[in-house]
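Just one chain follows, in the form predicted alone, and it is written as structure tokens.
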């Protein structure tokens, strides 16, 4: 990967990118409320679980969309069928819409005709930015952990240094997940990963009914 590609990847993966990610906890708020996540060790377990399930799926679809951006519609439909929770589908499309809006200010973007799921939008954006499937997969896997980790600081009052230490320890796992995902970028849509996390789906549906919440999802 060239130096310029690395710099572009940093722009795309930057948490300050106005793509709406700061408004979402990645399902963590519901798990904190349920008492399943209470401390840094539990956050680590939560993030590892996300990486192995929705993280792998997101990275695979981002890589595939980057490799084949013209196939965005089929990929978007495939990801929709892998997201049983209406609340999670809504959150994913909201983040995809925000990401595409931000990307249009930076790169020449193709017209998609509808709001895309965030991982598919990420892949399309990565392609427009001149990145490859491996970079798109890394950005997706990293986003799976970094967004929820940031939310953990606010939800649990954790030491931000300790949380970033956790992210650093998870980096090799992110790389492995991303490499596995990128290796499948040319697979047919139906053969892409479909790992699920039922507790996240259930938690998302309950979370959507709350009158007061810190995060949108």
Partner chain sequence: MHPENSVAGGALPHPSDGYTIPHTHGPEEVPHTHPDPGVDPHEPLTTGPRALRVGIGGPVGSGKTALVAALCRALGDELRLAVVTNDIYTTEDADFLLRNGVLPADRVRAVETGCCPHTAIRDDISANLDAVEDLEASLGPLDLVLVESGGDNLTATFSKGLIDQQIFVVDVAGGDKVPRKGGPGVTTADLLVINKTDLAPMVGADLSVMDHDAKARRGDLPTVFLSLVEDRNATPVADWIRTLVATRVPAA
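Just so you know, these numbers come straight off a predicted model, no measurement behind them. Positions refer to the first chain, counted from 1.
The following text describes the form predicted in complex with its partner chain, which does not appear among the structures shown.
Heavy atoms within 4.5 Å of its partner chain in the model of the complex: does residue 169 have any? No, residue 169 sits far enough from its partner chain in the model of the complex that none of its heavy atoms falls within 4.5 Å.
Report yes if any heavy atom of residue 23 sits within 4.5 Å of a heavy atom of its partner chain in the model of the complex; otherwise report no. Looking in the model of the complex, residue contacts with its partner chain include residue 23, since a heavy atom lies within 4.5 Å.
At the 4.5 Å heavy atom threshold, is residue 131 in contact with its partner chain in the model of the complex? No, no contact at 4.5 Å.
Its partner chain contact in the model of the complex: residue 97, any heavy atom under 4.5 Å: Result yes; residue 97 sits at the interface with its partner chain in the model of the complex.
Pick from 154, 36, 176, 164: which residue has any heavy atom within 4.5 angstroms of its partner chain in the model of the complex? Residue within 4.5 Å of the partner: 154.
Answer range among 68 to 76, 89 to 97, 139 to 147, 119 to 127 for contact with its partner chain, defined in the model of the complex as heavy atoms within 4.5 Å: In the other structure, the partner sits against 89 to 97.
Members of 202 to 217 lying within 4.5 angstroms of its partner chain, judged by heavy atom, in the model of the complex: In sequence order, 211, 212, 213, 214, 215, 216 come within 4.5 Å of the partner.
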